[in-house]
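Shown next as structure tokens: one chain only, the form predicted alone.
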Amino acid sequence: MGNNRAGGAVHFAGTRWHAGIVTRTQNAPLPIPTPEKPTAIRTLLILGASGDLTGRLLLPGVARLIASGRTSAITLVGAGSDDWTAEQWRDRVSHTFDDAAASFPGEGKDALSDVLAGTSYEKVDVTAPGELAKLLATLEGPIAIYFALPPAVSQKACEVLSAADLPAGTRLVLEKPFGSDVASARSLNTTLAGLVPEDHIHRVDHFLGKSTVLNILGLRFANRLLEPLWNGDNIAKVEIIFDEELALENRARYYDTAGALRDMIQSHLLQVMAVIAMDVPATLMERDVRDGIATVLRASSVPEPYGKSTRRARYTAGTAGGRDLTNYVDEQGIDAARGTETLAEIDVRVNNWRWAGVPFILRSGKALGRKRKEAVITYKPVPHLPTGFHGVDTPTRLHIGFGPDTLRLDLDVNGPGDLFTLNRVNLLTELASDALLPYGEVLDGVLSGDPLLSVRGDTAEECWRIVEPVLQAWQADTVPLQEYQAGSAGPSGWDSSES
């Protein structure tokens, strides 16, 4: 970089500064062109087609997306290691499509019938060198490969592929968890980067449906009443809570090796936290939004000592959701020696100007007394309340509910009756929703080539960086594993914000 003071102008790499006016020289770079619209996917290949994820969540999402008319015609192919017949696969697809047709009457029924008529099932060992590549060679591209498989199997399947095996425009779709620690997440990212570009990789976090993300961003950035106060000067704490009445639900084999911290907080809740805490993006394009998420996560950490900033517990026998539950350690497939937690809470700090000193409390647990899925923003008290008011001066709270998406504002107002008495009121409204449901919204982005809702590789690694020291402390048993009765609110002293 050079400069020249002759003639009253100073030059800096293509920019001329003169008398307070900035102009560009002929050699200055041109604005970055708008990227071309990606080619729509023609074939959706589901690996693990006979599994629970495919039947319970993935196929209903596909069906609603087709029935809604928001995707062009696709060919649906199922594949797996089970020796299924074409009729077995078609029956599974047909039942799901019938349900979607009832929700989207009209032309959607014909579109579903067309996809059903062309669907097929292939038996394949995706971890055997050459087998998946051979199947891909028979399919029409561009192809979206959905790995509805255990993470270790998905990684092995990617490792036996090469970029040459993939038709042009191929998109890879993977379910969380994305690795098991920073090193494995980085290894997975390296493998994927050798196959397709980053914007062709969709790491699925169904918790981040498009409605949820855009509702949060719209609430914050379209309302001048909120955004100027969205900082540590005015907010005392932020809680992001995902409490379930459900217990293991036949997932003991997976859950006992994961636990609440890995299963929910490491992936879903940290991503929601980043959306809540991010600065305003220039646009709602994927690059701007995902850059904002990454910036928050890079600034985040759990402060030591972990005995004060984290808590863990597991449930004992009780009744939750109207069902009697046994002790977690007595469930079939559970290894009590692992010390797996079913309730986890961590205090994350976003170490930047906006959020310095504000605790972000992330909590998730199973077999609790009440289902609760929300973010709660608690504001600091007013600096002075005039003498003469009576009643309880409670904090202003903003609740953002997830599934269904709702907004509730808790305020103190006068009366009724005695106008000097402050009473609590709740202003409640429903936020926009999408009939596609979260998996349909995610698949919409996959098939259209928009990775806005996908977890980017660098943020997947950052999420593991944040929780890895906590996991190590828990493994070393430096943080006690508490207990709570199934159906309760958790261990004594775990009360969160008033709901």
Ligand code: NDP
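Residue numbers run from 1 along the displayed sequence. Fair warning: this is a prediction, and the values are worked out from it, not measured in the lab.
The form predicted in complex with the ligand exists for this protein as well; it is not shown, and the discussion that follows is about that form.
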Exercise for review: State yes only if every one of 48, 52 and 56 has a non-hydrogen atom within 4.5 Å of the ligand in the predicted complex; otherwise state no.
Suggested key: yes
Revision key, fill the gap. Heavy atom within 4.5 Å of the ligand in the predicted complex, from candidates 312, 366, 176, 171, belongs to 176
Study note, to complete from the structure: in the predicted complex, the residue from 253, 95, 371, 424 with a non-hydrogen atom within 4.5 Å of the ligand is 253
Check your understanding: Taking heavy atoms only, is residue 153 within 4.5 angstroms of the ligand in the predicted complex?
Key -> yes
Review point. Does the ligand get within 4.5 angstroms of any non-hydrogen atom of residue 272 in the predicted complex?
Key: no
Review point. Using 4.5 Å between non-hydrogen atoms, is residue 127 touching the ligand in the predicted complex?
Key: yes
Review point. With a 4.5 Å heavy atom cut-off, would you call residue 326 a contact of the ligand in the predicted complex?
Key: no
Practice item. Quick one: find which of 159-167, 209-217, 142-150, 414-422 has residues within 4.5 Å of the ligand in the predicted complex by heavy atom distance. Key: 142-150
**Study point:** Heavy atom within 4.5 Å of the ligand in the predicted complex - qualifying residues of 71-98
**Key:** 80, 81, 82
